[in-house]
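In the form predicted alone, a lone chain appears below as structure tokens.
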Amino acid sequence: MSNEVVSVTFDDGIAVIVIDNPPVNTITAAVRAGLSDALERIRQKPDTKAVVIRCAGSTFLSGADINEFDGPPREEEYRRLFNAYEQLDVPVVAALHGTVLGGGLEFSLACHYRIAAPRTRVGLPEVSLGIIPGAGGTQRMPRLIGVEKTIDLVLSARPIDAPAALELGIIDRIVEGDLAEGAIAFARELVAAGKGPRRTGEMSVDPATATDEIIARMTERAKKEYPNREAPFTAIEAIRASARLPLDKGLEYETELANKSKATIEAKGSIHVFFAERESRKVPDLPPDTKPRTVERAGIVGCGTMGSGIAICFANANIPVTVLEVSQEALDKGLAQIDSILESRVKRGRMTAEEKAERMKLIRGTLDYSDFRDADVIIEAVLERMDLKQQVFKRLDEVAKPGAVLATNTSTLDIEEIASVVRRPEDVIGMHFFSPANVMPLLEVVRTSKTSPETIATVMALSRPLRKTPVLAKVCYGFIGNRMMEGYAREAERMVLEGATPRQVDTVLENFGMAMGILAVFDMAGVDVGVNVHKANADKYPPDPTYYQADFALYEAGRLGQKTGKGYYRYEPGDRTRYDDPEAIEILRKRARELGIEQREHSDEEILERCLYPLMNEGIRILEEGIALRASDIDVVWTSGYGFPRYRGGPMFYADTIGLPKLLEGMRKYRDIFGPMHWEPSPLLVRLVEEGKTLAEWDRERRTAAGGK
């Protein structure tokens, strides 16, 4: 018997259920229906001695269907199905492989025994989506491994490998060789030994793992790791309940708390970003027959911090890459930096020495542009100077083969102008990586007016093996992320000139959820980096003598950030801890006096509003100009590349959360105080407020008008 995704066969008394729901065996409605049908078939076979459940493809059940989260609650349906398998009166064996997360792991907990392939990873990542395990995980897992270890697993939100799962007691055996055969053999062992069902739900929770001291300690950990979040504490509450409630009551309580967590802004924001990252890969205006070109070899011009990180991305993707520098000394330095980055991963246990050696074999250095003749994509990653980049592209135009993608990593410069020096502008595109390039997931893909559909499709497809989240943008100063950064950072700098301390500004932003306060970011990146960008693009900024003058004042005093031990903060050698520095404060005050900027007090509310309102307003302006395809693309840029908290959904989602009328009111309030130069509301914001629409509604209407794309 089989339906489209679930089949059951019988092998000498062993019922073998196979789930095949590509690509990752999500527990969709069809899977649940198939499992229910299989259960009925097994019940009709009184000679069944054991049940084996496994999955085809790359992984066991990978989790619940997140597409159903916006619909009616499904927890009761999951509970009934999982309970039914747990109540079977013959042993039920789950054969795990791949990455078994969330609902997939929870289903295996309702089975009586669990075996796994050696490279299997298991986890309960729900709190990262603002929700809690809602299919029995908070009740069954503590019965296997205790309350403390369950909370640890849930708070970490990261999968653990098979040996760790075996040590914890989540699985019973690691099976080398063929997993399907091993699972049937394991089931026959159980039958031969006379072992019947071993129901997790009938086990008791060790009270020593759920003491008040343990709960208090885990709660403090959650406060530190998850500021502004509710889901971790809800999860702790549910897990703790497993020590006092029988399974049926515990599952009902879990359901209540799970549905409560799904209704939070935190969950809605996190799930919004999850889907936005999938959507960002789609380019609706490409012709449907557009095919990406194959990328088998890559080239990079420049092996500094950015170029070396990009080279590692290609090596990690098993794509041979040639890196070019202007001198042997610079090349040796770049290759040494690559080696050092990979060696640090070996030391941290993230990579074996053999894997490092394989990566290094894929990276070749050169001083000769002609070594790029076989490259399918070549990325320029030199200094942010138009004359230098044009010089590079002229050379690439001479040596690159027809159809090779010629990409620039520029973060601000006009790619149309860069493309004007080549004879094949259709092959030119922006590939803006974020530093460190081998770590940060965001890739801004910037198309010019002449970039071909094939070039766009090639780079969007290339993002997958590079393990990047791509967002397509059109050309403008700063594209999406850095253009929006201007107002955000401008106000932070302006407020420290007005009397706020760097610590005060950064603390407010970090308490909001930003990964790092913006002034600390400048210290980390180098104060001189921002100064050089603003010097090079002075003609693009408004006639404001106070514009980014905090950076300039520190730069002129030789305070370049962490690399000099002094910036907005002071740093000790080998220590990135930020120390408040009266010298920096005095430099900022002196510049404020020179500029005639009055000193004033700043509330936390004002700091947050003045940083975030221009950010969101500029994002709406970018949407109106068509620089970004979707509001959700802007959210992806800021959550993936700029440290905006995922649980707040990104700046455009957050604008809808607080309400566009409030944003418009705030823009007008600060316009009345500081004038219209920086505080003019975008026309689209004004129009949407007048029409009573949200950005999400506007986005949907626009897509419907474009043919539903």
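We number the residues from 1 along the sequence you see. For clarity, every value in this text was computed on a predicted model and none was experimentally measured.
We do not show the form predicted in complex with a small molecule, though everything after this point is about it.
Asks: May I ask you to state whether residue 558 is within 4.5 Å of the small molecule in the model of the complex, using heavy atom distances?
Replies: No.
Asks: Counting only non-hydrogen atoms and a 4.5 angstroms cut-off, does residue 304 reach the small molecule in the model of the complex?
Replies: Close contact exists here: in the model of the complex, residue 304 approaches the small molecule to within 4.5 Å, heavy atoms only.
Asks: Is residue 606 close enough to touch the small molecule in the model of the complex, meaning at least one heavy atom pair within 4.5 Å?
Replies: Residue 606: no, not in contact with the small molecule in the model of the complex.
Asks: Do residue 493 and the small molecule come within 4.5 Å of each other in the model of the complex, heavy atoms counted?
Replies: Residue-level check for residue 493: no, no contact with the small molecule.
Asks: Give a yes or no on whether every one of 204, 241 and 255 sits within 4.5 angstroms of the small molecule in the model of the complex by heavy atom.
Replies: No, the candidate spot makes no contact with the small molecule.
Asks: The chain here is shown without the small molecule. Which stretch in 448 to 456, 534 to 542, 425 to 433, 136 to 144 comes within 4.5 angstroms of it in the model of the complex, by heavy atom distance?
Replies: Within 4.5 Å of the partner lies stretch 425 to 433.
Asks: Can you work out which of 357, 286, 346, 388 has a heavy atom no more than 4.5 Å from the small molecule in the model of the complex?
Replies: Checked against the cut-off, the match is 388.
Asks: Here the chain is shown alone; which of 472, 315, 489, 382 has a heavy atom within 4.5 Å of the small molecule in the model of the complex?
Replies: It is 382 that has a heavy atom within 4.5 Å of the partner.
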